[in-house]
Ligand code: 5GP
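Just one chain follows, in the form predicted on its own, and it is written as structure tokens.
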């Protein structure tokens, strides 16, 4: 047993230190980034914010809303081929990722993997494959990524989740292009309570980004953002992409039922998700997610404006003309309280 003595920080523990800027307006900030991916060799240009592949977030309706801002949606892996055929019309495929788990390792007929293959055959212009598991530290996960790379050499593979530098490097070496980083920071995730495992998100992102940059890879800050300022902090910490779940939940595009003005939102390892999707709970697996009732928030478009506006404003405070420039313009200061709570202005 050992203890790392240096303090690990979360988004709430820091603020950007403002500095002189030659930017005249938020309009001068370029939120688009162009990426060339290490293993696929492909390029992508857009606003590097993603909707998570969660029920209520990674939906067709959400994808069609986010593509208007040139953002990416990772589609929930429980959609069927029929769902794709009925709803894919109007999707900008360059802004979409198909998603699968690794169940095919044990079950050759795993429906999510079969759907992924069928969808990519029908829509070959989809550039991204996301391989979503809660714990990507298993050796067989790295083997799976290597085999997927051989099968789809020209697809940009998103792999995760991890939150340490050495595993970020390992998955990139095995064939992934973008690593999803975050263990337990999500708003409806209880992994840290149930297992005691995790690393505070800001410090984890700094470590993982440093590791990925060293070998030409990229990372996603996945989970933990509550406010637009947290999205900006993730970019300042070095994340190439930021993935949002709870910040995009509860809207019209969630495709959930509205009951008494509320929409249900739950973690994908919750009892609710396992019951809905028939996941096994065979005595070896506990629930690592919770269920919440969110107020129905209407269309998501105003929320996207708020998020992008917050990032733009952060850039003007620190002198960054582009999202790409944010890490080199960032100085974080540690704090014990980031906002005046006297009127509970932000809840």
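These numbers were taken from a predicted model, which means no experiment stands behind them. Numbering follows the first chain given and starts at 1.
Absent from the display: the form predicted in complex with this ligand. The rest refers to it.
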property	result
Location of this ligand contact in the predicted complex, chosen stretch of 48 to 56, 296 to 304, 316 to 324, 23 to 31 [non-hydrogen atom, 4.5 Å]	48 to 56
Contact at 101, 130 and 175 by this ligand in the predicted complex, all three, heavy atom at most 4.5 Å	no
The unique member of 161, 115, 95, 254 whose heavy atoms fall within 4.5 Å of this ligand in the predicted complex	161
Position in contact with this ligand when the complex is considered in the predicted complex, options 245, 250, 229, 217, heavy atoms within 4.5 Å	245
4.5 Å heavy atom contact, residue 71 to this ligand in the predicted complex	no
Proximity of residue 191 to this ligand in the predicted complex, heavy atoms at 4.5 Å	yes
This ligand contact at residue 233 in the predicted complex, heavy atom, 4.5 Å	no
4.5 angstroms heavy atom contact with this ligand in the predicted complex for residue 223	yes
Neighbours of this ligand in the predicted complex among 13 to 47 [non-hydrogen atom within 4.5 angstroms]	none
